[in-house]
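Have a look below at one chain only, the form predicted alone, in structure tokens format.
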């Protein structure tokens, strides 16, 4: 099975015969190209056109993070699974407002269901979250009545506001977390969420690449230059299931604490050692399998994301109505 590689050291990434090699003054490490699904670059890495062509040929995406650990962008190889039919119908589904709204609602309905499921799990563990769960369900009941993307995102924002307000109750650390803040995150929990959300986003982008979907044509978020907005859309569904549950686990096991961060120039950033802990756990989580009730076989969390892309593609070509993924266990 192909896997992700995380590069923290500074150096040069090169092609050597039919392998990749990462070199610096101290060491050289070979990476068999057939083993690579995607590459995350956290250090200062230089490479040449010979390498980029090699990455193109092998359909390998590369995601870059800046010094502060924030996602900067991706090297996205030329589409290898081009489909003019899917591209046109995806564009039509975006331009037809009713079609766009239908898909966007499905993203938020599924994401909010998965959020509610997380809270019900902790509610069973002697933390009383009945009021918050009820408030979220009331908001979810309004989703089918919205008539605009803005209204939909407004409800989604209110659901997340309630959701985040509960974290102080079931995380076994004094996190003092009250609201989501970005650009830059104002405290260490926000910094942690931003980092893990960027991992969900980039993983989703890599999975989209292996389908016929165009990652720049979205339905919930507005398409704009220099971003893969469909990845933002699909990520919403998996943030509660993969990202948030990983955060709860890391914090409740004290694998990540306030000491895992440093403050620099108004930025609160993860130490490299902490990023490595998170990336290891994130990788393990993506490999975890569940018994898929429709496919009747075990599939990994990473595969669930790919399947979500396939479901959306089938909806776009009018083969089968799209239903967003909702956790059942």
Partner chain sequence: MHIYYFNICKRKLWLFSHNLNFEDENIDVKIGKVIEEESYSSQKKNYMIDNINIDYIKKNKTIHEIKKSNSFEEANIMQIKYYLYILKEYGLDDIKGILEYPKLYIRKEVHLDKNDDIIIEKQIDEIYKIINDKKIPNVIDNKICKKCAYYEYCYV
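Residue numbers count along the first chain shown, from 1. Bear in mind the structure is a predicted one, so any value in this text is a computation, not a measurement.
Not on display, but discussed next: the form predicted together with its partner chain.
86 is the sole member of 133, 155, 86, 175 with a non-hydrogen atom within 4.5 Å of its partner chain in the predicted bound form. Using a 4.5 angstroms limit between non-hydrogen atoms, residue 271 is distant from its partner chain in the predicted bound form. Its partner chain in the predicted bound form is approached by residue 294, whose closest heavy atom lies within 4.5 angstroms of it. Proximity of residue 311 to its partner chain in the predicted bound form: non-hydrogen atoms within 4.5 Å are present. Contact annotation: residue 239 falls outside 4.5 Å of its partner chain in the predicted bound form, judged by heavy atom distances.
Segments offered: 206-214, 94-102, 188-196, 160-168. Contacting its partner chain in the predicted bound form at heavy atom distances within 4.5 Å is 206-214. Of all the residues from 1-15, the single one having a non-hydrogen atom no more than 4.5 Å from its partner chain in the predicted bound form is 2.
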